[in-house]
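Before any questions on how it binds or moves, here is one chain, the form predicted on its own, in structure tokens.
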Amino acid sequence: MKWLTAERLRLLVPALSLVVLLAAVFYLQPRTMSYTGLNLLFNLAVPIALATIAQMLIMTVNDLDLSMGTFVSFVACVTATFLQTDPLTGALILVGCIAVYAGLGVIIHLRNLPSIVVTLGMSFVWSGLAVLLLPAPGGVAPDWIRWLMTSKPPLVPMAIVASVLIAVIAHFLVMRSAFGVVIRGVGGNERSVARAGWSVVRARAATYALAGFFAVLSGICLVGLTTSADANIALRYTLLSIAGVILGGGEFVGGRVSPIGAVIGALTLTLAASFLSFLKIPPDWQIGAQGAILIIVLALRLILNRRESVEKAK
């Protein structure tokens, strides 16, 4: 089986993880093998997938966003308040948020600041703004968002259809477009990109702005599913988005990412929560169990990476 190289195996790991976990869920709860069952299993997959793609874009240029969860929470609060009562003001706030993200990319590059420190500081800013908007859980999701997120296409649930669309769009942007080549080049070899005549500052600004756009969509979709919001609604998205990228075959450095793998990783993490619930694992232990699943997959990835290095050496 010469075609089954270590590189291909590394890309198959995310899909195999999802298939194995889905088979385990079907075994434990056969009733989930239905339209309604799949819809319940992957109900929150869309906002997590969007946040994962946003984090993946940041990681493509070798940075890390520790404010993802608080930013999505802030967007959710804006969606449930301003976007409902005053759509124009709400839209302007969200556009301003994307501009702030672009500015962060510029500042981090020009001042040579650690992205972890800058985004950690911004997490407190977004959290404070979210609390100011909604000191207590509340707000109402706009009707069009609720309709979109609760619609029922034929054959396949909306969550799966939307996840496939997100994966295809992200794959085209990152892997098939000139823009994707540049930002992956920034992550792989920044100096070579600059020597080729491309502006690294503009590339980083555009990358951060696109990440902010996907994170905004994540917050909007989350409110469409929950119908309301609060300042802490998406705090876990920071770790979930990072785990989704890594689970999907991405790397912390080198511009090595996989948009389709990232979405599959997000689906796997969403499914893992249901799987652990079926095993009657207490909620306090579920986060640790999800971490154990991630460690197992990463260990397998490490073995495959070593095999890949051996094959290249030959």
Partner chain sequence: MNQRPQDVPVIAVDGASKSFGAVRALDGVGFAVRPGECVGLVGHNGAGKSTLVGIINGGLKPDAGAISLDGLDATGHYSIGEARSHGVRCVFQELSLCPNLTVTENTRITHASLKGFGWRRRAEALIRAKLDEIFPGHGIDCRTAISTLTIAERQMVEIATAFSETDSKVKLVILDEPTSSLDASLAGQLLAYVRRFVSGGGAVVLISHILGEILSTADRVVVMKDGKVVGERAAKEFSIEGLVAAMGSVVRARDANRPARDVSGLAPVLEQRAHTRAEAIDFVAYPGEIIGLAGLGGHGQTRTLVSLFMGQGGDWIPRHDSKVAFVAGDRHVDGNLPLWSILKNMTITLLPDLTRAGLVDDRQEGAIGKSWRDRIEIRTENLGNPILSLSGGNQQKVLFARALATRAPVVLMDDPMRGVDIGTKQEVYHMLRVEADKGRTFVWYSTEMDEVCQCDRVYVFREGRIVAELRGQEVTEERVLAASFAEKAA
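Residue numbers count along the first chain shown, from 1. On a predicted model such as this, the values are computed, not experimentally measured, just so you know.
Beyond what is shown, the protein has a form predicted in complex with its partner chain; the following relates to that form.
When you look in the predicted complex, the only residue of S199, T227, T150, S192 with a non-hydrogen atom within 4.5 Å of its partner chain is S192.
Partner contacts here mean any heavy atom within 4.5 Å of its partner chain in the predicted complex, and among 262 to 270, 247 to 255, 23 to 31, 38 to 46 they occur only in 247 to 255. Taking the partner from the other structure, its partner chain in the predicted complex has a heavy atom within 4.5 Å of a heavy atom of V182.
Among heavy atoms of M175, some come within 4.5 Å of its partner chain in the predicted complex. Contact check for P142: no non-hydrogen atom falls within 4.5 Å of its partner chain in the predicted complex. Shown alone here, G90 lies farther than 4.5 Å from its partner chain in the predicted complex, counting heavy atoms only.
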